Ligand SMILES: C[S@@+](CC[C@H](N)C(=O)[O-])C[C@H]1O[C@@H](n2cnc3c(N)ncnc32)[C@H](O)[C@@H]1O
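In structure tokens, the next block holds one chain alone, the form predicted on its own.
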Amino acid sequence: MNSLADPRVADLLSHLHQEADAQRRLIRERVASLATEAPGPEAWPHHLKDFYLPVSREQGRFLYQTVRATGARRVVEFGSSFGVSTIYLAAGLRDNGEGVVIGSELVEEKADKARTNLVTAGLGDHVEIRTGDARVTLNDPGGSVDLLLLDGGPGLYLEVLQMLVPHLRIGAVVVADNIEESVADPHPYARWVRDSESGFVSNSITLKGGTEYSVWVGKRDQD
């Protein structure tokens, strides 16, 4: 079974990706403008509330494959936006037979649209999107987590991950989007998860914007 081939899912994803593609120039201009205006990072989500900021098609299929390959039942998503990545995750859970995506979105208007999109795709029963600061809304994911997608503000990735570590099952996968770095200047998040003392085995994979792929293996004192 492949829900990505379901016309309700495939047609909606095609439409959403096309709308996101049409915003590329505008989003670059808006981000450049915000950088010069220098509002606090916490204000950026509200300034970008009309923009998709989605995973790419390739990242989406990769997320679906990861859900299927791990047999995931509980997925946590930091940064649901309009629900594009959430659709890929939920499609994988449906094909696994059961499961839920616990999503988070700071901007209420985006969360409402994401919920509508999931219902349109026929996947609403597999998703719970919580609105507000993810450091609060995701504090209790409601069970053992099989996969964590970090796709919100990269500056919060490490804090959100460390908060959720106690809920990760051994073998859980963490995918972090937008980890752009250079060899001389590793991203702080990547530097932390690549340290063997963190309890993760991690490396960068070649997907849009730089993607860090990590597996939770636990710490020595937990063995």
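Everything numeric in this text was worked out from a predicted model, so none of it was measured. The first residue of the shown sequence is 1; numbering continues from there.
Not pictured, yet referred to below: the form predicted together with this ligand.
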| query | finding |
| --- | --- |
| Per-stretch contact check against this ligand in the predicted bound form, the hit in 151-159, 25-33, 192-200, 168-176 (non-hydrogen atom, 4.5 angstroms) | 151-159 |
| This ligand contact at V100 in the predicted bound form, heavy atom, 4.5 Å | no |
| Interface membership of G124, this ligand in the predicted bound form, 4.5 Å heavy atom rule | no |
| Touches this ligand in the predicted bound form: M163 (any heavy atom, 4.5 Å) | no |
| This ligand contact in the predicted bound form: I129, any heavy atom under 4.5 Å | no |
| Joint contact, A72, R74 and N96 to this ligand in the predicted bound form, by non-hydrogen atom at 4.5 Å | no |
| Within 4.5 Å of this ligand in the predicted bound form: residues from 94-110 (heavy atom criterion) | S104, E105, L106, V107, K110 |
